[in-house]
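Next comes just one chain, in structure tokens: the form predicted alone.
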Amino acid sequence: MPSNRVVVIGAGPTGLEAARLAAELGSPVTLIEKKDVPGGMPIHADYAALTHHFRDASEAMAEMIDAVTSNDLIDIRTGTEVTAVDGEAGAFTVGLAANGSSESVDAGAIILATGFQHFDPGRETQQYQYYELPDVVTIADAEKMIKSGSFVTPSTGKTPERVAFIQCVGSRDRQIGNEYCSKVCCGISSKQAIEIRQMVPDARVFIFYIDMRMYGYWENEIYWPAQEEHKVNYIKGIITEILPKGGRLVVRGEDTTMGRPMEVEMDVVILAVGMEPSEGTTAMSGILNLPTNKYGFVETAHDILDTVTTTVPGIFAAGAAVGPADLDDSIASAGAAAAKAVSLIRSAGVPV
């Protein structure tokens, strides 16, 4: 039956913002989250600070969550999964499962906000020996250490003297199929490099990159301060392998600026892993009959002029469900999806 309710799937930053805005526009909202607590990656992956303003992640997400939980028009369901979707635009029926029980809710529109997952550097190749060498970590692992307030060499617990970042791990890689730039990795690495230098002032920090890609204000807010104020070393090069040697890591590759082989010793190596479609995005695209592109992200009606409307009427997608996105992009697309969802309901003649 026709409904003025918007169902939002996923309670990360994108889903929280979409739910809040749809409710502010007058629609009742059911916000579905598979995990037991909302917040998405910033909460579940223990983000320390948000890129690029260095805002405390827990504090920022607490504000977003409070804006949703304090709104009487929003019914948030944690520990809940979407099992089926029937109907059409203006009159969907969404099947839910939680704690062994099932129910359904009616919805006039659906917003998919299922986010992303980090690339697993051990999935395709072990050239960086992520699973074998404890001192080879990812930016997600490093973020947890930074949030804990103690950045150390994992194998020894000692303060590292030399730390290296390797960019584009799982991005811009035709061999594994992720040919796209994940957009945020350069900025996150630079943010973490600054934080590590602040926590361990005597450590030397290096970033090995193919190209540095900074968007919007990131150039002046992260990239230049990392070099000029915090003395982070940026080296244009390609890293081919990491080997253990005498309790340290030997990083081998090519300095592409100088056109010569390179071999340096490090205590910790951080892999700047990229974004991939989340398990939730993959599962929900099947349930919702949403086409995906060759990388597994949800296809939208128009890559440029309409980035949130899917090919299924009444269903919208936002944030990293449709492709690599930073937090600014995700919040902006959440607003667009909420506006379009409520507009669709009103155009169908359902009172809001």
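Since we're looking at a predicted model, the values are computed, not measured. Each residue number is its position in the shown sequence, starting from 1.
Not on display, but discussed next: the form predicted together with another copy of the chain.
The putative spot formed by E17, M212 and V322 is fully lined by another copy of the chain in the predicted complex; each residue has a non-hydrogen atom within 4.5 angstroms of it. When another copy of the chain is considered in the predicted complex, only one residue from E179, D120, E161, D106 comes within 4.5 Å through any heavy atom, namely E179. For the candidate set S101, Q198, S148, N220, a heavy atom within 4.5 Å of another copy of the chain in the predicted complex is found for exactly one residue, namely N220. Listed stretches are 151-159, 108-116, 81-89, 256-264; the contact stretch with another copy of the chain in the predicted complex is 256-264, by a heavy atom cutoff of 4.5 Å. Within 4.5 Å of some heavy atom of another copy of the chain in the predicted complex lies at least one heavy atom of G26. Residue contact with another copy of the chain in the predicted complex: G216 places a heavy atom within 4.5 Å of it. Among heavy atoms of N293, some come within 4.5 Å of another copy of the chain in the predicted complex. When contacts are judged by a 4.5 Å heavy atom cut-off, T30 does not count as touching another copy of the chain in the predicted complex. Contacts between 307-335 and another copy of the chain, taken as any heavy atom within 4.5 Å in the predicted complex, involve T307, V322, G323, P324, L327, D328, D329, I331, A332, S333, G335.
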